[in-house]
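Here you get one chain, nothing else, as structure tokens; it is the form predicted alone.
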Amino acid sequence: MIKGIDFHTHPLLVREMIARHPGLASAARETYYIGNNFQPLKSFLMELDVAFLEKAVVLPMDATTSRGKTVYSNEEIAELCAMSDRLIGFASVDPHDAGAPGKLTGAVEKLGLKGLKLAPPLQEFEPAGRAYYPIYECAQGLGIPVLFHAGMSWEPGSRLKYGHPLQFEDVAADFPKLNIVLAHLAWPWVTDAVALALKYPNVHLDTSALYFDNPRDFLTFAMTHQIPLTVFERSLRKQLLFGSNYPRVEIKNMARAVRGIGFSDECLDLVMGLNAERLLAGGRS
């Protein structure tokens, strides 16, 4: 088994960053409602070790307009990534900010960030709105993937309608060279998300979904009952990426669930790392 990449983590517990930027503590508690104890960065890296993973994508969130705060700025993500070469930083921009494309360009070209994270329910915007197209055009030109929160959203005040996978169809159709990743299998709308990925080869899904029970039982339900596993194995093997949603879920538990669901070794290599490597390098399916 190759060592792979966790494509969906939130560095909300890193004690060294909390010490440098105390505002990150309240942002994590009040925006993401994470109650875990803060831990040294080595604990995060040990999570990767026990899951037999080499690297993790770390995600910020710019919710300045909708929530009046960021949960990690792009500069803070770059600062965190400078602490370990096992971390891959993504940028976030406020979609309501007319200067968002320029800020995204700076985050990629000056800070070295490798992708864009947007969360329509938390940032309160409809992904297909034409006002946001300059952001997608910018990301497409930069050759970076865009990871969207899709599906269920727990945050108080957020609206589920913004996370429905069909909200992303116009974006996928109008930006065919833009690699789009819909997080959380867009659960509970897994069927719609799979249909979108089957139709649009630039649409990908990540496994960072857990809304009841445990990762094994949840993914068994979503990926063998809601949708037959053979659909992922045979038709979407190059469009599925491993993601844990750490720290809401321990990385090792999600990795064990994905590895144990019944994929072939060849498919697992793609899901656990090769697909992520291709997207981070600007590749297509």
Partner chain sequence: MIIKLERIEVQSHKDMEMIDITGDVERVVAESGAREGMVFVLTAHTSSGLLVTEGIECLERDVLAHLERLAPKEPPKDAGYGYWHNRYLDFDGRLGFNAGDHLKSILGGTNCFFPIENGKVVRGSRQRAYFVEYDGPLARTVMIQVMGQ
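Positions refer to the first chain, counted from 1. Because the structure is predicted, anything quoted here is derived from the model rather than measured.
The protein also exists as the form predicted in complex with its partner chain; that form is not presented, and the subsequent description refers to it.
Checking 127-135, 205-213, 182-190, 143-151 against its partner chain in the predicted complex, the stretch whose residues place heavy atoms within 4.5 Å of it is 205-213. None of the heavy atoms of residue 68 is located within 4.5 Å of its partner chain in the predicted complex. With a 4.5 Å cutoff on heavy atoms, residue 34 counts as touching its partner chain in the predicted complex. The closest non-hydrogen atom of residue 15 lies within 4.5 Å of its partner chain in the predicted complex. Its partner chain in the predicted complex comes within 4.5 Å of no heavy atom belonging to residue 234.
Every residue of the trio 50, 249 and 256 has some heavy atom no more than 4.5 Å from its partner chain in the predicted complex. Exactly one listed residue, out of 64, 26, 226, 43, brings a non-hydrogen atom to within 4.5 Å of its partner chain in the predicted complex: 43. Annotation for 171-191: no interface residues with its partner chain in the predicted complex [heavy atom within 4.5 Å].
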